[in-house]
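Next comes just one chain, in structure tokens: the form predicted on its own.
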């Protein structure tokens, strides 16, 4: 039996009336852009982040064609998907050269850690994404901690543990608060355990040491989390409005950790005072450090923050790519042509780009497959998505596609844990919340689940949350 995933009216959702009209509109947009500049962009990745990037790039007057590898059902409506025989760096470079690509935008972290940006530089291809040595900020938690120490950036105290370490003594050192254990590798979002259960912490430490040879044990940072996406190159940096996501699977921040069940932007916790501290204590020192490297950082630095009771910011983690779903709510707030920003950063000309933002709020809520995050059930039809994609109106209400593919019967089916995200943009966060949930009310996925309280920290008591 099909389960309806929403129940609110969709009176707040207006836009195009069919997917055919949506496709036609994009064709007209690309034709007009061809006259303006005809830039060719290749986006690497297949998730909601990559669809959000492609969707934002369609608004550029300088982009003539968009290609995505491997892409998903959403990016197929915005450009051309390319499914390669393998994801090797050399294969991607060959595709980029064949397409005469003006800009490569790398979505996920793995290709960067494997040296895709390095290979692009060798071939004279503009790439938005850091070289492997700097992508190591995400690939190695220890390297990130050492970099923060070198740059004087505030973060939690930590210990490194290996098979010779006294694990019990290390756990005693951080007793009284939840233990934070981090694997020192890329682990697809499953490399961190935060727990008050000593046995669980010890088991994860031991299994991580067995797998990786070492592990990090950190002091717990109390406070409220926020995220900041910072675009930077050797010349300058630009921080996008701070956002806040919801990692737990269920309402009230209950249940297992996920890749993200929704997000909103801007985040009220980052006041002007907090923002000034973030820039002075974290962003400027990190940019100074990264710009001084043999090859400067060219890409986006995701800064995971904890804001304590004194409004002091600390870094929880760095990622070397746009966050997902943070990307879905920050990109629409950029008023400046996104291609100019990304291309400028890829060529160390970011200081020449004046970046402006819309005075608005965005909120996105994720629809996940039954069983997510442990064992998502795939292959079920998503009712209402065809019509929903046709009614998309970027800048007001739209759907970000993630784990969605086309069946043999040309119907949209869930092909991942996080299936899609419904996004609203408005003058207030409460209105954006209403719009996002109105879109969701038109979709059906058997067993699908979503959080009903996205944004509750900022709009508690409003809209029934």
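None of these values were measured; they are calculated from a predicted model. Positions refer to the first chain, counted from 1.
The protein also exists as the form predicted together with a small molecule; that form is not presented, and the subsequent description refers to it.
- Judged by heavy atoms within 4.5 Å of the small molecule in the model of the complex, the contact stretch among the candidates 114-122, 84-92, 166-174, 213-221 is 213-221.
- Taking the partner from elsewhere, no residue among 62, 103 and 126 has a non-hydrogen atom within 4.5 angstroms of the small molecule in the model of the complex.
- Contact with the small molecule in the model of the complex, judged by any heavy atom within 4.5 Å, is made by just one of 274, 99, 334, 306: 306.
- Though the small molecule is absent from this view, in the model of the complex it lies within 4.5 Å of a heavy atom of just one residue from 136, 281, 247, 391, which is 247.
- Of the heavy atoms in residue 141, some are within 4.5 Å of the small molecule in the model of the complex.
- In the model of the complex, residue 194 approaches the small molecule with a heavy atom inside 4.5 Å.
- Contact check for residue 180: a non-hydrogen atom falls within 4.5 Å of the small molecule in the model of the complex.
- Residue 156 belongs to the set of residues with a heavy atom inside 4.5 Å of the small molecule in the model of the complex.
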